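Just the one chain here, laid out as structure tokens, in the form predicted on its own.
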């Protein structure tokens, strides 16, 4: 009896600390979102779900919600598609592999805010490096205002989001590829399997647990990502590149609607919680099968 309870007793302090760190802020958010709140954070009258109703009636919130889904899915999918072949190349044996790995993983060590600042300069409509390069190659004959319109700004932000997500995803996939025995590929080659057949029947199935990890972690990371959108456009022009986290920031610190901002936080928390629970459940069911 004691031996069975011992592991739970040992992890109980950590569980308690994690519960405090996670659930205390959630409790505060529930309190704020269900009350009328002053700009200084003072709780006034209880108003129930009025803040959530105000969000539902706000077209900017609905647009930011839809755009957040598009942003998250595009960045995560793009990072996965790029990271698998990059990880396979870096996992192969070639001269200078260590240097190549450092070059690929180096952007991960750079501040995301600094990366966004550099790209904002590069995409400047008058003196940006991208316009200069494209004009030098003869692709365009006049400057493009990349960040002045959502039709160009948001796709560029998605592209940058993919590029900064690739290093972390490649790291996960390198760990998975290094765990696959070389004997499997040698046996498959002796049986006459092509490179594509080896990838489809050996690499991809054995890499699937690591792909699941990358999807869950990247979804959470990208969904809550603030610096790229904020540094480059601050959600503009005219809120046309806002995602939920930048919409929340404006709501709380520019407009002073702390109650509605807390409601947005709870909506984001609920979306991530539901996604994680569904995805983990599906992964477990697949493993059991």
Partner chain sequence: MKLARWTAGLLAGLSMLAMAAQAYAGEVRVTVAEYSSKTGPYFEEVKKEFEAANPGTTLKFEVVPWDVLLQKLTTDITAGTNADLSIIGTRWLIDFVQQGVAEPLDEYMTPDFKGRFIETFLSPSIMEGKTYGLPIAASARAMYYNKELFEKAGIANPPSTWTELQEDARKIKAAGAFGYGIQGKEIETDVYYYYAMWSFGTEILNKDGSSGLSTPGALEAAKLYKSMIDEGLTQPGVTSMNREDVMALFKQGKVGMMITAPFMMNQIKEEAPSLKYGVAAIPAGPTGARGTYGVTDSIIMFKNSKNKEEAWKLLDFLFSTEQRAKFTQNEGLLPVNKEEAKMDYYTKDAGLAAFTALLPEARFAPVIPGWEEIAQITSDAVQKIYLGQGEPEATLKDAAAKANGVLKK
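Here, rigid core means the biggest group of C-alpha atoms that superpose within 1.5 Å across both forms. In this text the structure is predicted, and so the values were computed from the model without any measurement. Numbering follows the first chain given and starts at 1.
Missing here is the form predicted in complex with the partner chain; even so, the following discussion is about that form.
Using a 4.5 angstroms limit between non-hydrogen atoms, residue 126 touches the partner chain in the predicted bound form. In the predicted bound form, the partner chain sits within 4.5 Å of a heavy atom belonging to residue 257. Heavy atoms of residue 31 never reach within 4.5 Å of the partner chain in the predicted bound form, leaving it off the interface.
In the predicted bound form, the partner chain stays beyond 4.5 Å of every heavy atom belonging to residue 35. The candidate stretches are 181-189, 116-124, 82-90, 159-167, and the one lying within 4.5 Å of the partner chain in the predicted bound form by heavy atoms is 116-124. Taking a 4.5 Å heavy atom cutoff to the partner chain in the predicted bound form, the contacting residues in 141-156 are 145, 147, 148, 149. After superposition on the rigid core, the Cα atom of residue 280 is displaced by 2 Å or more between this form and the one not shown. Superposition on the rigid core between this form and the one not shown places the CA atom of residue 11 2 Å or more away from its counterpart.
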